[in-house]
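Shown here is one chain on its own, the form predicted on its own, set out as structure tokens.
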């Protein structure tokens, strides 16, 4: 498999997960893992804090009508953690550089939860290579007052409660840590550590992002799992209302990670949006 290169980008195909066609991509000397599948218009998928599962059905669904690139964020999985990276802003600039290095044009940018926050930060900076934006149960802003909790504290709850709040089908989040390979355990620990590094303080938002969302002038779709109990639907609607012309759609029987709860419907909605069709 070959991911296109432009400028200083460097790609090395690995055999660590042959079934998933996982590749190693270097951007400005920072190595990350990435999945590429499909052909057609580029679609960049930014994963949530739980990480990226290269075998997730949604990847094949999205790749069925697009050239899907799904990277693992710096610090997550087995991707490098640059010493200087400590904010979502750093990740946003990193991915803008990735778009340049891969010479992607007319990209559909899709972000889920933490990935949605990264995508929004990218779009307020530059949409030169981004044609459409999809934010799925995105965090990133503060909607309520100072004493209001807009976003559930995921670091203060046991995993069972997290799964019940985050998934329409909590079984999707259950993991048998005793049976997991050491590499998978390390990746899961790094995902949690990296999420805290980038999003702990201030918790899950950038105080300046809310006032910059008006800069997003490309077609924007909010997809919102209607069973999410990490965020509320009013939070999502308020978020969408800050982006000119943004459309808000709920996804039935989906939680905070609609791409996992409803992969077929998630893919169908995004393809319709890319193709200018009503979903």
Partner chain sequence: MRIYHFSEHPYPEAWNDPHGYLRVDLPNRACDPKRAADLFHRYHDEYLLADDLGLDLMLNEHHQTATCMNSTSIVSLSIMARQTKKARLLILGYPIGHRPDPLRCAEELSTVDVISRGRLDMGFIKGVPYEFAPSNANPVGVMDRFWESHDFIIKAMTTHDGPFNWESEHFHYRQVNIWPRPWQQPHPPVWSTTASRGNARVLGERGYVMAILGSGYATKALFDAYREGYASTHNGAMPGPDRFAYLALFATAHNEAEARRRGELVAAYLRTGATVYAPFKNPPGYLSVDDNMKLMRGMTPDRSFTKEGRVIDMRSGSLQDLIDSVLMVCGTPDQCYKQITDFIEYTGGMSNLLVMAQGGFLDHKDTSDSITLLAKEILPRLKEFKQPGAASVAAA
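As the structure is a computational prediction, the values presented were derived from the model and not from experiment. Numbering follows the first chain given and starts at 1.
There is another form of this protein, the form predicted together with the partner chain, and it is not shown here; the text below is about that form.
>> Using a 4.5 Å heavy atom cut-off, which residue among 196, 172, 124, 131 comes into contact with the partner chain in the model of the complex?
In response: Spelling it out, the residue with a heavy atom inside the cut-off is 196.
> Given that the partner chain is left out here, which of 106, 158, 207, 145 has a heavy atom within 4.5 Å of it in the model of the complex?
Replying inline: Among 106, 158, 207, 145, a heavy atom within 4.5 Å of the partner chain in the model of the complex occurs only for 158.
> Among 242, 247 and 249, does every residue place a heavy atom within 4.5 Å of the partner chain in the model of the complex?
Replying inline: The answer is no: none of the three residues contacts the partner (heavy atom, 4.5 Å cut-off).
> Can any non-hydrogen atom of residue 165 be found within 4.5 angstroms of the partner chain in the model of the complex?
Replying inline: No, residue 165 stays farther than 4.5 Å from the partner chain in the model of the complex.
> Which of 109-117, 174-182, 96-104, 132-140 has heavy atoms within 4.5 Å of the partner chain in the model of the complex?
Replying inline: Within 4.5 Å of the partner lies stretch 174-182.
>> Pick out the residues of 181-202 whose heavy atoms come within 4.5 Å of the partner chain in the model of the complex.
In response: Contacting residues: 181, 182, 185, 186, 188, 189, 190, 192, 193, 196, 197, 200, 201.
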